[in-house]
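A lone chain, given as C-alpha cells: the form predicted alone.
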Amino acid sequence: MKKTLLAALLSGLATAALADINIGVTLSATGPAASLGIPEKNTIDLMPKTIAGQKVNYIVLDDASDTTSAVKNARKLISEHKVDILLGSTTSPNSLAMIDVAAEGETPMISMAAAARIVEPVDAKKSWVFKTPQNDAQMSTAIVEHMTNSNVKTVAYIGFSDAYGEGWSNEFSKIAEARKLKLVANERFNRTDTSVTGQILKILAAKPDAILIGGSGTPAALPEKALKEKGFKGLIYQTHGVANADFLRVCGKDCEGTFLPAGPVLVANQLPADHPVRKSALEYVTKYEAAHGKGSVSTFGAHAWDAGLLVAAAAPVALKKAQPGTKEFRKALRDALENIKNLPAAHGVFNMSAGDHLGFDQRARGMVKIEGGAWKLVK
C-alpha cells in the first residue's frame, strides 16, 4: 500500500515537472502587413525549444493583417490552447484590439507593434501588456531632431488611416510644434489603396520643406512613389515601419535619399564596437541570415526575437513560483517581465518597470538613410 502511494506521488511530481510552457503567437503572415509578419514568423522558428529545462511549445496562427482575426486568434490561444503568454500581433490596430482579450484571460501579452497606446498608460488592462518595438514618440523625436538640424521649417504628413497612422500623427505633431516646425498638411490613406494622387496633390500645394510618411511595410511605398512622380524635391522621411528588404524592393529607386529612424539591428554591423546593442543585435542577424540568406534580416523579425528574449528571461523566475498552465504561472510571468533589467536585445536594452512596459531608452534608435538601395547609418 505504501509503495503504491509513493509511486502515485512520484508519478504526480514527474507530471508536474514535465509541464510545458505554451506560447501563443498571432501575426500577420498574409495580407497588407505580410512583409512584417513573415520575418516574425520565420523568427519564431529560431526561438529556444526549452527554457530552464522546460519544453516550450509555440502555437502560431496567422491573422491575415485583420483585426477581427487577431482577436479571434487571441481568444482561441487562451481558451483552447491554454497558452501561458501571447506574442503579437504584427500591427498596432490588431494589438490594440487584443488587449481586452489578454486582460480578461489574465494572460501576459507581448506586442510586436509600435503604437505607444498599446502599453500607455499602464492601467488595470495594460498591466498585462508589454511590447518590443520602439514607441512612435521615441522615433518622432529622432525625426524632428534631424529635420531641425537640416533647416526644415515646414512639414507635411501622410499616414495610414488607422491606429498606426493616427498614433504617428499625434506624436509627431506634438514634438514638431514644440520644436517650432509648422505642419502645413495632414493626409490619410488606407493600407490597401492603389492610388494617393489626391492626397499628394494637396500636400504639394502646401509647399512643405519635408514630408513624413506614417506607414509600414510595402504599402508605405505608395506615397513616396507618387511624390517622386510629381517631382517633389524636398526631404522625405519614413517611420521605422518600413525597415525591411521588401520595402526597398517595392520602392526601388524612388526611395533613394529617404531618412528614417530605426532600431540598431538594421545597421548592426555599422555600429561602433562599444555600442551596447552591437553584440546582441549581431547575434540575431547571424542566426536569421544563416537560416534565410545574407541580407534577409529585418527589424520586424527582430521585434519577435526580442519578445522571445523577454520570455526566456522571465520564465525561469516565474517557474520558481508556479508551474506552466496555471493562473499563478501567468501572473508570475507578468511580474517577472515587469522587473526585467539591463537585458540587451536586438533593438535596445530592456529596463522594464511598473510604469514602463517597453523599457527602451535612446540606445534603441538611430537615424538611417537609404543609399544605393541599402541602409546607411547616419553618424
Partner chain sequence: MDLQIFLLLGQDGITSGAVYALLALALVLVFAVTRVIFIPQGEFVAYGALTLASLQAGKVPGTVWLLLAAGSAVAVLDGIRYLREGRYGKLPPLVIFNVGLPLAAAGALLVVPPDSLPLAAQVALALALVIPLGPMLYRLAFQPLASASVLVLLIVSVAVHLALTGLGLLFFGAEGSRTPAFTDISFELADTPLQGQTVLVVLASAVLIAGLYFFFERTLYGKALRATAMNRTGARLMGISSSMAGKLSFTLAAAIGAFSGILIAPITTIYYDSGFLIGLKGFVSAIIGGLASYPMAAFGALLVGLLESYSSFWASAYKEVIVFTLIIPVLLWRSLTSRHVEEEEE
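Numbering follows the first chain given and starts at 1. The model shown is predicted, which means the values in this text are computed figures rather than measured ones. For clarity, a rigid core is taken as the largest C-alpha set superposing within 1.5 Å between two forms.
The same protein also exists as the form predicted together with its partner chain; that form is not shown, yet it is the one meant from here on.
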- Item | Contact residue in the predicted bound form, from Gln323, Thr67, Ser35, Asn42 (heavy atom within 4.5 Å of its partner chain) | Ser35
- Query: Between the options Asn269, Ser79, Asn149, Thr197, which residue brings a heavy atom to within 4.5 Å of its partner chain in the predicted bound form?
  - Reply: Thr197
- Query: If you check in the predicted bound form, is Glu229 within 4.5 Å of its partner chain, heavy atoms only?
  - Reply: yes
- Query: Looking at the partner-bound form in the predicted bound form, is Asp100 within 4.5 Å of its partner chain by any heavy atom?
  - Reply: no
- Message: Quick check on Ser280: any heavy atom within 4.5 Å of its partner chain in the predicted bound form?
- Response: no
- Query: Does Arg191 reach its partner chain in the predicted bound form, with heavy atoms at most 4.5 Å apart?
  - Reply: yes
- Does each of Ser140, Lys174 and Leu181 have at least one heavy atom within 4.5 Å of its partner chain in the predicted bound form? no
- Testing 301-309, 217-225, 82-90, 112-120 against its partner chain in the predicted bound form with a 4.5 Å heavy atom criterion leaves exactly one stretch, namely 217-225
- Query: Though the partner is not shown here, which residues of 238-252 have a heavy atom within 4.5 Å of its partner chain in the predicted bound form?
  - Reply: Asn244, Asp246, Arg249, Val250
- Could you tell me whether the Cα atom of Ala205 shifts by at least 2 Å between this form and the one not shown after core superposition? yes
- Query: Superposing on the rigid core, do we see a C-alpha displacement of 2 Å or more at Gly165 between this form and the one not shown?
  - Reply: yes
